[in-house]
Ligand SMILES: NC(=O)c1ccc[n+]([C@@H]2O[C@H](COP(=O)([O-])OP(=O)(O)OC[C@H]3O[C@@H](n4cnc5c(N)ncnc54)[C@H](O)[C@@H]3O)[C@@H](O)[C@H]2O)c1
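One chain follows as structure tokens, the form predicted on its own.
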């Protein structure tokens, strides 16, 4: 399960360099303006930044002071669009004292290192999902344990969890509303590979060194010759992404595990592959997994990017079934059960599809937590419990093995 030693040395060397950024943080008062920097201003980063601009226009006391990107044309566009100071290197941006928090919207392979760099520099972090690449469990573990000592606010961009309905449902489950949870299911079905092959190629004639920092882009991935598709359509390649299981499954698994609070898994099995989109794409288009937890709970996650027909997200308990509906979570007692049927309304109607509303709520939760120092809804500890079985699933798929988890050691092993 270990990465090769060269990659490990590269990551540790990079992390050490990141740590040279000046550690600085201030305590924000209720009336202080929150100063944000953006690391990565491609499609997602720009989209989040545009949402921040709209929130500012609506009265949110926030400003975008700085932006960073390894691709110069994007950086220049962001400087102009957001009237912010631009940086080619994130460490230079983080050394600025005019910065309180950062939004990280880089490719998956960079998330954990960018987050580690930022918390070491005394900044709070909003980082896009997944919290790390599928080959970076050791780095994720390092980040979690280090932040327990540093104590920065880290919100992971799984905006589906922004609704308070999940916390209310978790409390209901804890109080025995469905009896003992024994089986849960969720899914992510979509039709089309627009999220991978459909990624925009900014410049088909781009060249390494001409406004492109290819070496930094590769992070701790295996070294490859410069390739335009890998730079702009990185979600197609296993070096930088993982397909459904890492790119989209965190969205649905996060609220499910927030309700269940099962801790670390006992073992994971998985299967999938490229069943339909067999072009230059490397990542799976179909992926199914089973997660077994020590408390006799099984979680089933099914998904494909070939067909959009969904199944319900639900939790089967010994006394009732909890089901995620479009505007509420419902609890239906089993025949003969003494528990009471109930409905828990959602804050955001159609919360599975209302992405714009979810993002607004998730960002506002982050801003509030930066000021109050309370834990955000998509916090790092929750992301650790979500990402661990997803990483295990990818390893199980690649090696055609069962992957077990040693909870005491926080280590994976294949059998």
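In this text, all values refer to a predicted model and were calculated from it rather than measured experimentally. Residue numbers count along the first chain shown, from 1.
Beyond the structure shown, there is the form predicted together with this ligand, which is absent from this document and is the topic of what follows.
A.B. asks: In the predicted complex, which of 328 to 336, 257 to 265, 105 to 113, 305 to 313 comes within 4.5 Å of this ligand (heavy atoms)?
C.D. replies: That would be 105 to 113.
A.B. asks: Since only the chain is shown here, I'm wondering whether residue 70 would be in contact with this ligand in the predicted complex (any heavy atom pair within 4.5 Å).
C.D. replies: Yes, residue 70 is a contact residue.
A.B. asks: Can residue 217 be called a contact residue for this ligand in the predicted complex at 4.5 Å between heavy atoms?
C.D. replies: Yes, residue 217 lies within 4.5 Å of this ligand in the predicted complex.
A.B. asks: I'd like to know whether residue 45 contacts this ligand in the predicted complex, with contact meaning heavy atoms within 4.5 angstroms.
C.D. replies: Residue 45 belongs to the contact set for this ligand.
A.B. asks: So in the predicted complex, is this ligand close enough to residue 390 to count as touching (4.5 Å, heavy atoms)?
C.D. replies: Residue-level check for residue 390: no, no contact with this ligand.
A.B. asks: Whether 34, 147 and 371 jointly form a contact site for this ligand in the predicted complex is the question; each needs a heavy atom within 4.5 Å.
C.D. replies: Not one of the three qualifies.
A.B. asks: In the predicted complex, which of the listed residues (163, 193, 124, 128) lies with a heavy atom within 4.5 Å of this ligand?
C.D. replies: Looking at the other structure, the residue within range turns out to be 128.
A.B. asks: Taking this ligand in the predicted complex as the reference, which of 300, 170, 199, 228 has a non-hydrogen atom within 4.5 Å?
C.D. replies: None of the other options qualify; the answer is 199.
A.B. asks: Scan 244 to 276 and note down the residues that get a heavy atom within 4.5 Å of this ligand in the predicted complex; none is a fine answer too.
C.D. replies: Stretch hits, in order: 247, 251.
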